[in-house]
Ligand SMILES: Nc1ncnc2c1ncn2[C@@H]1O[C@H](COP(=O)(O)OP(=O)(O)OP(=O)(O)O)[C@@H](O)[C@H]1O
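First, one chain by itself: the form predicted on its own, in structure tokens.
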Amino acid sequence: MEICRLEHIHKDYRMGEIVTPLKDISLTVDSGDFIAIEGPSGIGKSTLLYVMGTLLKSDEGDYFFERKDVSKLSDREKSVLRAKKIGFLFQDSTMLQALTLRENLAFSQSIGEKTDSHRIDALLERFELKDRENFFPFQLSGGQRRRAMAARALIHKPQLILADEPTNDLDEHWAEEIICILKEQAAQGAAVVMVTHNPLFAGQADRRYRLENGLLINVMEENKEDPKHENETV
């Protein structure tokens, strides 16, 4: 089932000179997809996720979510869409400092108009944060905060999960565990789009792209065509 579709997306930034991180991006994301997007810092990967999350409007092209034209939605409708159907795991995400970890999860859950304490308990256990549920964000370590933000991204069972370098600030065990959890979400029917600079983690995705000169390059197709990669597992 199609979750979202980008058609010829183009985005410019004007910072003294015109910078074009996205030139002609077309991509269809279906339920169960686990997609990795690679590329160096500053190339436009986060910009692409912001467009997909309806947080940023493209200058040209069309974006459809569940076959609805996002450009036709009001700001309120886009807010509801984000709250109910999109999970964000971004590097600049923050938690409400006046609320405990459990309260942060409950608040995020309530925005999506769902209340399920069992879901909160399950995620706290899954991310090994149950003993920190009454801690405030400033009392958590960097790795614990990253895991808490991952739990928050999943609290309302989103249809689309957008993960921007989700393994940052994590040790090797938890970096691998986060990838495992994202794969589990895809296996359960969610669509996952992950930005990463780590080729090992990217290699675990079902579909793998590289953002280059504003275009998405299908790494798997590229490797099939290149004899040097014919014996590699992607």
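This is a predicted model, so every value here is computed, not measured. Throughout, we count residues from 1 along the sequence that is shown.
There is another form of this protein, the form predicted together with the ligand, and it is not shown here; the text below is about that form.
Chemist: Want to guess which of 61-69, 43-51, 24-32, 178-186 is within 4.5 Å of the ligand in the predicted bound form, heavy atoms only?
Modeler: Going by heavy atoms within 4.5 Å, the stretch is 43-51.
Chemist: Please identify the residue among 115, 91, 139, 134 with any heavy atom within 4.5 Å of the ligand in the predicted bound form.
Modeler: By the 4.5 Å criterion, the partner-contacting residue is 91.
Chemist: Contact with the ligand in the predicted bound form for residue 169, defined as at least one heavy atom pair within 4.5 Å: yes or no?
Modeler: It does not: once the ligand is placed as it appears in the predicted bound form, residue 169 has no heavy atom within 4.5 Å of it.
Chemist: So, residue 220 and the ligand: in the predicted bound form, are they within 4.5 Å at any heavy atom pair?
Modeler: Contact check for residue 220: no, nothing within 4.5 Å of the ligand in the predicted bound form.
Chemist: Is residue 215 part of the interface with the ligand in the predicted bound form - any heavy atom within 4.5 Å?
Modeler: No, no contact at 4.5 Å.
Chemist: Even though the ligand is not shown here, does residue 57 get within 4.5 Å of it in the predicted bound form, heavy atoms only?
Modeler: Residue-level check for residue 57: no, no contact with the ligand.
Chemist: Is every one of 7, 80 and 83 in contact with the ligand in the predicted bound form, taking contact as a heavy atom within 4.5 Å?
Modeler: Not a single listed residue reaches the ligand in the predicted bound form, so no.
Chemist: Would you give me the residues of 58-75 that have any heavy atom within 4.5 Å of the ligand in the predicted bound form, in order from first to last?
Modeler: Stretch hits: zero.
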